[in-house]
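In structure tokens, the next block holds one chain alone, the form predicted alone.
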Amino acid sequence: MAKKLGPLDIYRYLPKTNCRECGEKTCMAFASQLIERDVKLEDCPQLMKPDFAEKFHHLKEMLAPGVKEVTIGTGDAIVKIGGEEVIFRHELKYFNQTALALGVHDELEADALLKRVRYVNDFKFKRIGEELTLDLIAIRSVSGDPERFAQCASKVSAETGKPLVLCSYDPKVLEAALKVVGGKRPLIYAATKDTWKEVGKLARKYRCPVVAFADDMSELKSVASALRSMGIEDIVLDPGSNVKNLSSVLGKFVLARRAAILKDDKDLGFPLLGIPAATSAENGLEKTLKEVMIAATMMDKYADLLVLHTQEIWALLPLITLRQNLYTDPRKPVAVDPGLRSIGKPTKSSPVLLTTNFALTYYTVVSDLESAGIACYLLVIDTDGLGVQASIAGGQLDASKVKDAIKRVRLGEKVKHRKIVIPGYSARISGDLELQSGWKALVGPMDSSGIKEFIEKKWSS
């Protein structure tokens, strides 16, 4: 989708019956939702009829993202990369998060190999209600021995359900592993100017996505074009990751993404792969620090898949946090459902606290309450996903809304007292809240980390 589409561009190819079978009130509304990618063409029953086959095909091409979406793996373990259609996320949003793969190789001792695989399996970190994980395991052939590489791939596959990346420049080595794990649709790395035909045949035979590699952009386009000429469309591009010349690497990433989205270049319209530790000569802490900094920079500049070496938690946490932030929808705040929550096992005498439904605020407050061991009720107000200060300033959090929420959740039946702790930044609504609701408003701390001390000093049932 090289040009920015408007609803009218889509509407002209729709049935224009306003039948509502798609769930939208009008065909124009359906067109708008298609652009936002909130619905699919298949959601319109009229478009699925034979009479609309040509228009359906035309719409499919019009709506195809500039960067093709590529799926790695099978079943519930699939990872999707690419599928992007904007250069800057504020133009729409980014859709498929940068996938993170941890590297292993076929000369690792069995215990060390399984330890790294299990590390990926078990890696989970919860932040703002989302479970953040590592996504794939990249198996590299160091030995150059097809049989040894196949055995390594078999061991890894037996130990994990994560999708795999098979890494070798030798088609014979790749084929040996594909005979063992090809049914799991691994990503094949890599087809080059010398091996594109052999590797392309493997990709077709095993129906696997394949990486096109070249550190020259013209050569990369040629390799991708050659693969496409074989009927292969699930391609990932590696323009080289020479971290000694990072500016050149990033320049190639940007060039490829701009060509795909702004110029509709079909040969460069594929996800991008980066290997931030590829040629780093440093050791230990310095090497890990450089790897994570380069990985973060690559992620900022359109990398769809990163192959990492480090498994240091202090290095991975910033990366997965950055990824979560980049791939949130900038058009709307991240929010949780409003309502009444029980923290611990509250009783009729337990405190009642108030917060907004902005996800970052909510999960921070909940975490502080749980860490402090405070059994209480938490009343979550619908502020359109805004934090306390913004919602107080904008009127999304006021006494009337809190009064209505107290009544709606029947808070008076849950506790025998009539006191509620409100955030320090909402102090200005305390008087009005008391007048409207009949509940005493205790102005709590500015930061939820101070709730424990506040409750100990100020609360008495």
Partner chain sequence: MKFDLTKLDELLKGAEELELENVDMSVGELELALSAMVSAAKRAEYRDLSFEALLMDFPGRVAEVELGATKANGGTRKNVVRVGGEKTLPFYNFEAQNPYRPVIAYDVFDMKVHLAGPVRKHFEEVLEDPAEWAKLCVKYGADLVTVHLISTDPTLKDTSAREAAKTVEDVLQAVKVPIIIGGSGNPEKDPEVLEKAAEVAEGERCVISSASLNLDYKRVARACMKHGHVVLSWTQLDINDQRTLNKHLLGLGMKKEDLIMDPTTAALGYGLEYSFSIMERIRLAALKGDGDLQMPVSSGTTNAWGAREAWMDAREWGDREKRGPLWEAVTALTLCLAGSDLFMMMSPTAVGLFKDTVESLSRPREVEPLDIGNWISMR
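Residue numbers count along the first chain shown, from 1. Please read all numbers here as calculations on a predicted model, not as lab measurements.
The form predicted in complex with its partner chain is left out here; the points below concern that form.
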| query | Exactly one stretch in 215-223, 77-85, 347-355, 375-383 has heavy atoms within 4.5 Å of its partner chain in the model of the complex; which is it? | reply | 215-223
| query | Is the gap between Tyr302 and its partner chain in the model of the complex 4.5 Å or less for some heavy atom pair? | reply | yes
| said: in the model of the complex, does Ser448 come within 4.5 Å of its partner chain, counting heavy atoms only? | reply: yes
| request: Although its partner chain is absent from this view, report whether Glu107 comes within 4.5 Å of it in the model of the complex, heavy atoms only. | output: yes
| query | Using heavy atoms and a 4.5 Å limit, would one call Val236 a contact residue for its partner chain in the model of the complex? | reply | no
| request: May I ask whether Lys401, Ile406 and Ile455 all come within 4.5 angstroms of its partner chain in the model of the complex, judged by heavy atoms? | output: no
| So which of Cys167, Ala177, Val156, Ala101 reaches within 4.5 angstroms of its partner chain in the model of the complex, heavy atom to heavy atom? | Cys167
| remark: Answer key, its partner chain contact in the model of the complex at 4.5 Å (heavy atoms) among Ile343, Ala359, Val181, Leu250: the residue is Leu250
| said: With its partner chain taken in the model of the complex, which residues across 291-320 come within 4.5 angstroms through any non-hydrogen atom? | reply: Val292, Met293, Ala296, Thr297, Asp300, Lys301, Tyr302, Val307, Ile313, Trp314, Ala315, Leu317, Pro318
